[in-house]
Every structure is written in structure tokens, then in C-alpha cells.
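A single chain, nothing else alongside it, follows as C-alpha cells in the form predicted alone.
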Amino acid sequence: MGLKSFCLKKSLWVYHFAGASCNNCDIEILDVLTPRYDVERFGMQLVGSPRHADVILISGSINQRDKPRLKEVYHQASKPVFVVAFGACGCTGGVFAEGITFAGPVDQIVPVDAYIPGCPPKPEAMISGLSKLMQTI
């Protein structure tokens, strides 16, 4: 087991990238940080820079304006970085997929390691998805 795998075994630092969305997923992500769910007890915490992140959590559909920004964030993150598509919009584009500015699903822009579907996904689904990701690491 390498040093990076050993360090990731107990904690994941998550950077949240919010695409064009209705912000319901953002509310659920904030709900995971409250004392009711307390995701930090699993060693997960949100960080403010992709350079410090082990996981990039992408919510919302990606439009033409967000596409180069998402690629830049992905390239700024230290490797290996894991990408999680969060919510129906993050996984497939959701209700915004038919829009004229839609740039495509997240997995066509950057490689995705895990999907957490739902509109919006409940905090339990996020905890379950991220803990399964931790087990695969």
C-alpha cells in the first residue's frame, strides 16, 4: 500500500464544484455537514481549493461556460483525484440536458469514478456513495 492510499484510507478531503443547477444539491451537501449527519466523523471535509482535494464533487449540469473551468479545476487537483458526479444533473444533465448551452454529462468532460444519482440525492446517499468510494481506494 502506497503512502497516498494509506492516507486516503481514513479521510477524504472534498472540493465541491457547482455547475449550472437549481441549487437543491448544494443544500443537501450543506446538510451533510450539519450535526445531524456530521460527515466529518468519517474523516471527510470540504476544502476550498482543488489543490488540497482528494475528491472533486460535481453537482449541477455543465454548460459551455463551465466546461473549461471544470477541466481547469480537474488539472489543478493533485493526482490521484477521484471525481464524483452528484445528482441527476451531475450524472446525466437532468432537466437541463435539452438546453442549448448544455456541454454534456460530466463523464464526457472529465473521468468520473462514482455516481450519486437523485434529484436531489439525500444526505444518506452521499455518505453511502463516498464511503463506498473510500472502500474501493
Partner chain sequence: MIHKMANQRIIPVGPYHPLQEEPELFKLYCEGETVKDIKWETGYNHRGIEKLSESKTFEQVFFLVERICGICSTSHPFAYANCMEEIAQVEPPNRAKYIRSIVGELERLHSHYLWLGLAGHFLGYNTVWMWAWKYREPILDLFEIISGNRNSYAMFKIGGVRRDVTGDQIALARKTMRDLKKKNDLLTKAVTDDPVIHARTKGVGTLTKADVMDYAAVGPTARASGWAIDVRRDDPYAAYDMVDWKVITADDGDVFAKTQVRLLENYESIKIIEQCLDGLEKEPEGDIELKVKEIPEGIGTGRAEAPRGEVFHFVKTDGSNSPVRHKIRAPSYVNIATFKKACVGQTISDATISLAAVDPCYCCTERMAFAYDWHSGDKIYDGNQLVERSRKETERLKNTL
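Residue numbers count along the first chain shown, from 1. The shown structure was predicted, so the numbers you read here are calculated from the model rather than taken from an experiment.
Note that the form predicted together with its partner chain isn't included here; everything after this is about it.
Participant: Going by a heavy atom distance of 4.5 Å, is Tyr115 a contact of its partner chain in the predicted complex?
Facilitator: So Tyr115 does not count as contacting its partner chain.
Participant: Do Asn63 and its partner chain come within 4.5 Å of each other in the predicted complex, heavy atoms counted?
Facilitator: Yes, Asn63 is a contact residue.
Participant: Is Ser128 close enough to its partner chain in the predicted complex to count, meaning some heavy atom within 4.5 Å?
Facilitator: Residue-level check for Ser128: no, no contact with its partner chain.
Participant: Contact between Glu28 and its partner chain in the predicted complex at 4.5 Å, heavy atoms?
Facilitator: Close contact exists here: in the predicted complex, Glu28 approaches its partner chain to within 4.5 Å, heavy atoms only.
Participant: Where, within 18-48, is there a heavy atom within 4.5 Å of its partner chain in the predicted complex? Residue list please.
Facilitator: Residues within 4.5 Å: Ala18, Gly19, Ala20, Ser21, Cys22, Asn23, Asn24, Asp26, Ile27, Glu28, Leu30, Asp31, Leu33, Thr34, Pro35, Arg36, Tyr37, Gly48.
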